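What follows is one chain in structure tokens, specifically the form predicted alone.
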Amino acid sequence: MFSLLLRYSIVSVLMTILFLTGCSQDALNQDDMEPGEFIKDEAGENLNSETGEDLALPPVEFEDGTLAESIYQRRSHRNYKERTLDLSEIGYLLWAAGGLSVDGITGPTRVYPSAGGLYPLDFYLVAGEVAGLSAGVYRYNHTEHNLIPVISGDFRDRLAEAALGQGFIADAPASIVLVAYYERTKSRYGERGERYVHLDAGYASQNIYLVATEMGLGTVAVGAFDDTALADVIQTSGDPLMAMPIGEINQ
């Protein structure tokens, strides 16, 4: 019995060595590929293209006023001119962040995609210099496309302080704050829902970026802040995810 077990152990060790040697050789062959060689499958077929050559794509046209131009021109901006924003500009930005759209099948929905159609984000406006709007904090009501007053006063300095002293936030005429209510999504998807909430924030913030670019305005997604302090500034029970100051770009 002992000799049988010994022979079995030796065979197992030899098979393991052969297997690892083969894997190492495959990895070595892969690493030693010459420039211009193509990855092949087990049958030796080229995985890159039928011809084995790179395929050129048609050039993208960046025409004025197109979405392609906004995507191409989008940048993060932290320097703003001393220019009062128009209420129409604010309205466009808030609508682009989380307003209503119509998909033609299920009726009104929102402008950004959301897991399960649960839409866990609220959008707060910290207004300082917006024509036709008193300085204060407002919550965007997407169903009526209006602003719900939260607290009056110019809170831009406090917002900048909560954002670890990033002064350009106080210089901007206004800021949009994205706030998450995780339970809206986690109630259906459990802990996985937290990831979906963050995906939603990415979609909404990119909308803000692109619309700001279209209007010749600048913004930047700010994620460095004291969560409790920022939530206290805008008087929310949710979790702030980012603040996006808005203003005319100062080159």
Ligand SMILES: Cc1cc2nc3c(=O)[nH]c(=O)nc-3n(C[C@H](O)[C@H](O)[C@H](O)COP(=O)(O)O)c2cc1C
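This structure is a prediction, so every number in the text was calculated from the model and none was measured. So that there is no doubt, residue numbering starts at 1 and follows the sequence shown.
One more form of this protein, predicted in complex with the named molecule, exists but is not displayed; see below.
Taking a 4.5 Å heavy atom cutoff to the named molecule in the model of the complex, the contact residue among S114, T84, T109, Q166 is Q166. Of the candidates V197, V222, A212, A204, V222 is the one whose heavy atoms come within 4.5 Å of the named molecule in the model of the complex; the others do not. In the model of the complex, the named molecule sits within 4.5 Å of a heavy atom of R74. M242 belongs to the set of residues with a heavy atom inside 4.5 Å of the named molecule in the model of the complex.
Heavy atoms of R78 reach within 4.5 Å of the named molecule in the model of the complex, making it an interface residue.
In plain terms, the part of the chain that comes close to the named molecule in the model of the complex, with a heavy atom within 4.5 Å, is 166-174 out of 90-98, 115-123, 151-159, 166-174.
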